[in-house]
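In the block that follows, a single chain appears as structure tokens, in the form predicted on its own.
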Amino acid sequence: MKKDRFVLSMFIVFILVTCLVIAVPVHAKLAGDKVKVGGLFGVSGVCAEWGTNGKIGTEIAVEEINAAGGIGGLPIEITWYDDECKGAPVIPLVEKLTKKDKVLVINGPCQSSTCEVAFPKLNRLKIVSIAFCSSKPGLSKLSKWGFRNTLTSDKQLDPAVKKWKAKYGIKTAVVIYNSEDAVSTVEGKKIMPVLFEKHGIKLLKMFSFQTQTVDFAPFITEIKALNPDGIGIGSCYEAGAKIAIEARRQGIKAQFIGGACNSTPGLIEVGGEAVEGYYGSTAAWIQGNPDPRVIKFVKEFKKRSPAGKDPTYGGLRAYDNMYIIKKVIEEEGVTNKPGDLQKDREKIRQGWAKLKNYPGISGVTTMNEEGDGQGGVKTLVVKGGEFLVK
């Protein structure tokens, strides 16, 4: 009897162990000695803070992934370039990453102006590029190879405009925007006017400026004569801060609301007291977020960022991009063999296209049919020299 019970016990143990082995997904080890991933980070130019955030977020993720065994047992090697936040340099850089560096996938670029130029080229090059902070609506339609792990400006600004109006009693407003920047133009010409009308705010006038504009005094003088309750700003953070400074210098009491590129610590660094009360939005929540992954990331990010700044949402989403890249490569059967490069890139494209409910530090990421991320949005306001969730 004892022998029979022993045999039966061992058989049960064998069955349980077998079930556990079957239940745990096993990813095949990739060929080669490293996984090549490209990066496009605008660390100079008008979106430098956003590009730098993306670079730091990517580096943190790569170090963590490599320390935990890499992708398919291999370490990640990042080859990255500075696209200078401009459309012209991005084309040869995408070509270089694709043909010379032979990367599997590209994390970036950031800015909508660079995505607008780069994405159509992806159809010919057949390589996946994932933006981490581009927010101009419609850009992902330009290519099935271009994805954006972010939220478009219309989705970000709608709740912010509603709360801005309620807080300050906004009845009339003007809009001033950078006509040379893709997302700023669409925010200024299309999104803000539509949202102002939706929320019962009368648009008095629209003004446009160029990237190289340094003197905003003539614009502000004319705006002062109109005496609006609010000023909508479509620009990157530096211009937004300078507009606010000049408005306060001329004694304007109107309250500000800025587009997607304004919600960064750089706005406060440049604008100081002039941007107190400034409304914006974010596609990733860090202030007071209890998620231990977010707390850990912010702590590490501040060690590496200039002047110990908090990250923008682009930093968190660039970090998530790397973990999603790992997930897709391991789950879609990428081999990493030189002869399979194009097949592997297609597998990565398919993996991103069907991504659903990925629980990243920026929130839950799902790709819609256009290739844009879906997820939560938070309204921000500058208070006491920092952004707070409103």
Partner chain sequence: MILFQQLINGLMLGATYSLVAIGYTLIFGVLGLLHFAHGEVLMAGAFMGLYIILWSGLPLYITLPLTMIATGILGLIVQFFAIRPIKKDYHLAPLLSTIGVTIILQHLAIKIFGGYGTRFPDAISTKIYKFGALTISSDSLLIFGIAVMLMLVLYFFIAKTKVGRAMRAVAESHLTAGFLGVNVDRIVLITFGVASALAGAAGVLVGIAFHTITPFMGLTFALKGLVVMLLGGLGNVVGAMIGGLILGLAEVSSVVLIPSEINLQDVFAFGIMILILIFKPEGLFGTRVSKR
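What you see is a predicted model, and the numbers here were worked out from it, not measured in a lab. Residue numbers count along the first chain shown, from 1.
The protein also exists as the form predicted together with the partner chain; that form is not presented, and the subsequent description refers to it.
Heavy atom of N289 within 4.5 Å of the partner chain in the predicted bound form: Outside the cut-off, so no.
Using a 4.5 Å heavy atom cut-off, state whether A166 contacts the partner chain in the predicted bound form. No, A166 is distant from the partner.
Is K296 one of the residues lying within 4.5 Å of the partner chain in the predicted bound form, judged by heavy atom distances? No, K296 is distant from the partner.
Contact test in the predicted bound form: T79 vs the partner chain, heavy atoms, 4.5 Å: The answer is no: T79 has no heavy atom within 4.5 Å of the partner chain.
Based on heavy atom distances of 4.5 Å or less, which listed stretch (103-111, 228-236, 271-279, 70-78) is in contact with the partner chain in the predicted bound form? One stretch meets the cut-off, namely 271-279.
Can you pick the one in I60, I348, L341, V43 that has a heavy atom within 4.5 Å of the partner chain in the predicted bound form? Only one option qualifies, and that one is V43.
Sole residue of Q255, S208, T98, S143 within 4.5 Å of the partner chain in the predicted bound form, by heavy atom: Answer to the contact question: S208.
Heavy atom distance at most 4.5 Å to the partner chain in the predicted bound form, all of K155, T172 and H199: The answer is no; none of K155, T172 and H199 reaches the partner chain.
Select from 223-255 the residues with a non-hydrogen atom within 4.5 Å of the partner chain in the predicted bound form and write them out in sequence order. Residues within 4.5 Å: K224, A225, Y237, E238, K242, I245, E246, R249, Q250.
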